[in-house]
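Next comes just one chain, in structure tokens: the form predicted on its own.
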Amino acid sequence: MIVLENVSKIFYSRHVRNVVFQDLNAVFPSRTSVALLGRNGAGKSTLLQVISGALIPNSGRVLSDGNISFPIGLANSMHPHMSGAQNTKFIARIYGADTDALKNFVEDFAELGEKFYLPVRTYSSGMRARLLFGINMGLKFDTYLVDEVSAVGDASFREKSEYVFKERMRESGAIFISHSMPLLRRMCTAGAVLERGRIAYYEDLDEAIRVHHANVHAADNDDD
């Protein structure tokens, strides 16, 4: 379970004060895959980074009774001059996992071939996504944070990715960001909508999607 208590994140640039969200309060239940919805710029990726600990909130706190992954899809989670294999083993050591076991799992899962042993800076965005997804799925977390990893690769790879993710969801939860509603419907059972610096949690994913679509429609009308 993850609990947000009055969490605020504000960025300052010269004389500009950008309030991404303020005094967020929410509970993400254990063993539940939650779709995090919101318009572009709503702060979804920023919130995942705050939950993961990669960003420190200006106020409030994030509480959890389990361990949380780094956001899948966050490219700067890897050292660009290290190979995929080296990054995998380095992350395994950080999380106290078996380095060889994780390396073997990721090498098989990511399907990068010999490029697994080349520097990550030479990878395409799709290759990085497959590598990060493989590393996260190879580690045991109570909550997985997935940021815009829509399925990459061919149909068989997408099918494999969804299968492995759903297997992890048997014992874990997730907070999942994607613009693909069909993907969210396959991967998630609940939803949370981040809108104008506030968040609302919905046990019913369809209700969350309806609220999100209404927000998008209202914003489009405001722009007219």
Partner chain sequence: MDGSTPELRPVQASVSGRMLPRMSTLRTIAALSMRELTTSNGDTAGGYLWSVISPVVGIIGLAMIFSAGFRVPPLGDNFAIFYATGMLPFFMFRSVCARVEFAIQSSRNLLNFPRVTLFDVLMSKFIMAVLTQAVVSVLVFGFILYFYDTDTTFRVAEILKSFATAAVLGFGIGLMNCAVKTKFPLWDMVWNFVSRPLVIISGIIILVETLPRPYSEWLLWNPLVHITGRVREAFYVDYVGSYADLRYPLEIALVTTFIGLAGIRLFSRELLDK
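Residue numbers count along the first chain shown, from 1. As the structure is a prediction and not an experimental result, all values here were calculated from the model.
Although not depicted, the form predicted together with its partner chain is the subject of the following passage.
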item	value
4.5 Å heavy atom contact, residue 172 and its partner chain in the predicted complex	no
Close approach of residue 95 to its partner chain in the predicted complex, 4.5 Å, heavy atom	yes
Non-hydrogen atom contact residue 9 with its partner chain in the predicted complex at 4.5 angstroms	yes
4.5 Å heavy atom contact, residue 62 to its partner chain in the predicted complex	yes
Region of this chain that lies against its partner chain in the predicted complex, out of 43-51, 176-184, 189-197, 158-166 [heavy atom, 4.5 Å]	43-51
Sequence-ordered list of residues in 83-122 near its partner chain in the predicted complex, where near means a heavy atom within 4.5 Å	86, 87, 90, 91, 93, 94, 95, 96, 119, 121
